[in-house]
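Next up: a single chain in structure tokens, the form predicted on its own.
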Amino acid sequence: MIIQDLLSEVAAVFTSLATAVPALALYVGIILLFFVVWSFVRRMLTPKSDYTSLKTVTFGDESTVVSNTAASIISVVFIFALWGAFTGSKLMPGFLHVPGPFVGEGEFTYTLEAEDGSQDEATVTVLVHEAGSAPDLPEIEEGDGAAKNDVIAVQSYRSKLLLWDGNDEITREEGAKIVAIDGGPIGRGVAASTAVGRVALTDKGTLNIQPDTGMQMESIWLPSPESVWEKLVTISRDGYQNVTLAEHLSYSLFRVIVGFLLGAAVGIPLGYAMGLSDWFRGWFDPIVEFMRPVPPLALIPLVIIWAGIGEQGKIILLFLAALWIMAIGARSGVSGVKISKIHAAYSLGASKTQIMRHVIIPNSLPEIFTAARVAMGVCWGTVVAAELVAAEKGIGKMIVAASKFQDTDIVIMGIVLIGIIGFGIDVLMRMMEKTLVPWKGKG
């Protein structure tokens, strides 16, 4: 039974993934199209006599492969264009929008069949309106037959039940039933497509009207870029829950930096010890390898028991998130030092202290900086979970509080700010690495 449940869950997951394959294939296809167009333009603009065109990439020399600025700009613009297209953004021209939800007036007919087999048709006028507006229902002629015309107002992206027999001469209790929609046969539990959208006959015989939603996302699921920007301006000016945006960001940044620095201060010496001594490696390697795959989120209950729900607990959680990554990075850096360099230093009369200072530490710094960038990213990802525990300030606290009230624009704003700040920190660390470790990737 358990195996069958697991297999059904796996099948459901693969089915969900399969529905995303066309969109993913389209996205990859557009990327390849941009790549081909840009390569063609660059080839046309590059003189054929330019000897730089003969340069080839040597795998393993990362200095030969750098980020293409044009590709980065196109990627960011393309993502924002997709965002605007699927949210009906006013920042984009209308012809770039994907089809939106049906809004306006439409109608469909239903065929009523009495218990004696006689039939009659009635027209249902549907007024689909946007959220926040409630149109007045117009007066309609009910008609002369047993089935009377109806009018109903439905909000876009929503559905509504129509009790069609509320004004008909014969009701469901008297054996009346609907047998067709717009002339097409229909049964209970079956839906029909109309000019308005989907109309289904429920098990109780009523009509469930669901206007066409199109391909655009409802704002509660994905707000438009300008909506997120307006919320950013408002919260920057007025704050959120009596706390300014600067305070939210500064508290999160403080926790991340302190937790990361503590993790680096302990993890780097631990990694050096493991890389230089078989005793220390044998002692700590099982602990590090055991804790490395444990997600920081799983440690939250234990951290609460140990350190409570104050700032100490949040910083300890971030410390543990960075500790194992920094230890493994330092250990890998020490273990990756070429033995030929150490032998060369010994042959020149260097002492162990000099070898440590001039050979091991410089050659291990690239691995340590790489681990630091990974650890900082993990800490930023963990700070949201750390601020779930009785935090009053912090970007994670703001996101969680906004999600409870379905303020999706604030949630996305917080995610974007976390990404921008995290990217800024990563760029700063790369600049530090380029300054402090100029020999990286140069043998």
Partner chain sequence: MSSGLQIDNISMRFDLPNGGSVQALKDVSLDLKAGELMSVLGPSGCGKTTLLNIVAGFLAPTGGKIVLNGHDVQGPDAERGMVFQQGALFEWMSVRDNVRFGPDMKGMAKSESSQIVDHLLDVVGLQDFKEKMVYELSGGMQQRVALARCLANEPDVILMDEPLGALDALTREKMQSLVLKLWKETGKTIILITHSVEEALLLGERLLVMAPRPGRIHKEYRLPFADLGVGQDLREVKKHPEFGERREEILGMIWDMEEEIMGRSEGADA
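Just so we're on the same page, rigid core means the largest C-alpha set that superposes within 1.5 Å between forms. Just so it is clear, the structure is predicted and the values come from calculations on it, not from any experiment. Positions refer to the first chain, counted from 1.
There is another form of the same protein, the form predicted in complex with its partner chain; it is not shown, and what comes next is about it.
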### Task
Using heavy atoms only and a 4.5 Å cut-off, decide whether all three of Lys341, Ala344 and Ala350 touch its partner chain in the model of the complex.
yes
### Per-stretch contact check against its partner chain in the model of the complex, the hit in 313 to 321, 282 to 290, 163 to 171, 362 to 370 (non-hydrogen atom, 4.5 angstroms)
362 to 370
### Query
Does any heavy atom of Arg188 come within 4.5 Å of a heavy atom of its partner chain in the model of the complex?
no
### Partner proximity in the model of the complex: His358 to its partner chain, non-hydrogen atom cutoff 4.5 Å
yes
### Message
in the model of the complex, does Gln354 come within 4.5 Å of its partner chain, counting heavy atoms only?
### Response
yes
### Message
With its partner chain taken in the model of the complex, which residues across 122 to 150 come within 4.5 angstroms through any non-hydrogen atom?
### Response
none
### Task
Would you tell me if Gln216 moves between the shown form and the other one by 2 Å or more at its C-alpha, with the rigid core held superposed?
no
### Task
Determine whether the C-alpha of Lys90 shifts by 2 Å or more between the shown form and the other one once the rigid core is superposed.
no
### Query
Taking the rigid core as the frame, does Pro225 move its C-alpha by 2 Å or more between the shown form and the other one?
no
